[in-house]
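Here we start with a single chain on its own, the form predicted on its own, put down as structure tokens.
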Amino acid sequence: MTTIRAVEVHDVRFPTADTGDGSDAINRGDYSATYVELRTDGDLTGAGFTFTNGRGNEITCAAVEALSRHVTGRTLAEIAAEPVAFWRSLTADPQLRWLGPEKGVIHMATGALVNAVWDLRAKAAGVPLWRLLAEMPTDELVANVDFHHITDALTPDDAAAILDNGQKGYAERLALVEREGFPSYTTSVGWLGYPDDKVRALTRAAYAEGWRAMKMKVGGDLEDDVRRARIIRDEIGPDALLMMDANQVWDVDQAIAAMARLAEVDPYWIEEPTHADDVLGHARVQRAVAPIRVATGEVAANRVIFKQLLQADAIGVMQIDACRVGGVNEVLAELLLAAKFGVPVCPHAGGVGLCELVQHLAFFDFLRVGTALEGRMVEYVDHLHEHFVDPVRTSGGRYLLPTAPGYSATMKPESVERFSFPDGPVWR
């Protein structure tokens, strides 16, 4: 019986601000991870993390330490037997809940710990996480979802029906992604801090490598945005997809006006056109810019925000993030909500290790929940994969199935040591 004996947390930061990697309308930071290791009484170690942008990562690390008492001493069997009770012990700690509830730093720390537990569960089972989830019985999957506050949109019976239906054709869908991988798009071509010549060169290279969907950052000077969008569209031609991401910088009316100008390059979606919590604002933007889709979810605080976005017909694409919410359990609720409302899921990735995590969620969604590839893509950013033991693999603009046991979350010890803040060699 595997017992978690200790929780170790590491503040790991990479100096990406120097090169402009990850730069957008509001961010120019150092990609960072609040990296968690669960030490057990055996040979297995669970790894998980949440992603931050540099300064403040120490706050998330402190939040993990504050929550760790709910994890230390637990057995995997105990957690698997009562998964929602375990999840709520983290999200509803009576002395910490006031820091959220279920949002912000404390919820991201919950996600790091929950992700580490799922990594440990998959390693103990000897399978990659996507397979552990995709081949789990319906009743067990439903038992891992906290339906509190979402039953007006998704009930346990709804979830069971979706998951039962997902068992039909499972073998055929698995054979398809084993053979062809999962559709993807790249954001590495269009960071806001890149000069025009670099945008053009990166776009041309990405197209040559097989990418037929690319995303750019917008939200700076509008004429600059238009110029950069024309560069990318010129390089990829009329048939490839071009997405845009404003990172919440616009007010609602600004978003509508900006997209009227940017519509000339035929964008597929506009991501985060306004404040992440403004459900009605998103709905108004979606009505105004259609047939351009509105996409959001990267920083949606919890499953309740997703519920409202779907109920309000505010999005044409739902994005999920592996770390912003309370880990795998809450992502399960979000995927089921999207399936109930018939909205395709395109996971947000990039940062530190997000590609490694969300690939498992996307494959699971296709195999067992959404069961279709139409309108579905996973974001890909070509940064920092070399620091992971089981890095993401792509070919021809598509993600390849992970095969190693676990959640692909384990970082190389030498990377943790070198980039630990503030005492690692890179930061000293």
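Every value quoted in this text rests on a predicted model; they were computed, and no experiment measured them. Don't overthink the numbering: it's just position in the shown sequence, from 1.
Quick note: we don't show the form predicted together with a further copy of the same chain, though the next part is all about it.
Annotated contact segment (heavy atom within 4.5 Å of a further copy of the same chain in the model of the complex): 55 to 63, selected among 355 to 363, 37 to 45, 377 to 385, 55 to 63. Checking Met108, Ala258, Leu129, Leu335 against a further copy of the same chain in the model of the complex, a heavy atom within 4.5 Å turns up for just one residue: Met108. Shown without its partner, this chain lists Gly100, Gly193, Pro183, Pro344 as candidates; in the model of the complex, only Gly100 has a non-hydrogen atom within 4.5 angstroms of a further copy of the same chain. Although the partner is absent here, Arg228 is not a contact residue: none of its heavy atoms lies within 4.5 angstroms of a further copy of the same chain in the model of the complex. At a distance threshold of 4.5 angstroms between non-hydrogen atoms, His149 is in contact with a further copy of the same chain in the model of the complex. Contact annotation: Pro94 falls within 4.5 Å of a further copy of the same chain in the model of the complex, judged by heavy atom distances. Taking the partner from elsewhere, Asp277 is found to have a heavy atom lying within 4.5 Å of a further copy of the same chain in the model of the complex. Although the partner is absent from the chain shown here, Phe51, Gly104 and Val249 each have a heavy atom within 4.5 Å of a further copy of the same chain in the model of the complex. Contacts of stretch 347 to 373 with a further copy of the same chain in the model of the complex, defined by any heavy atom lying within 4.5 Å, are made by His348 alone.
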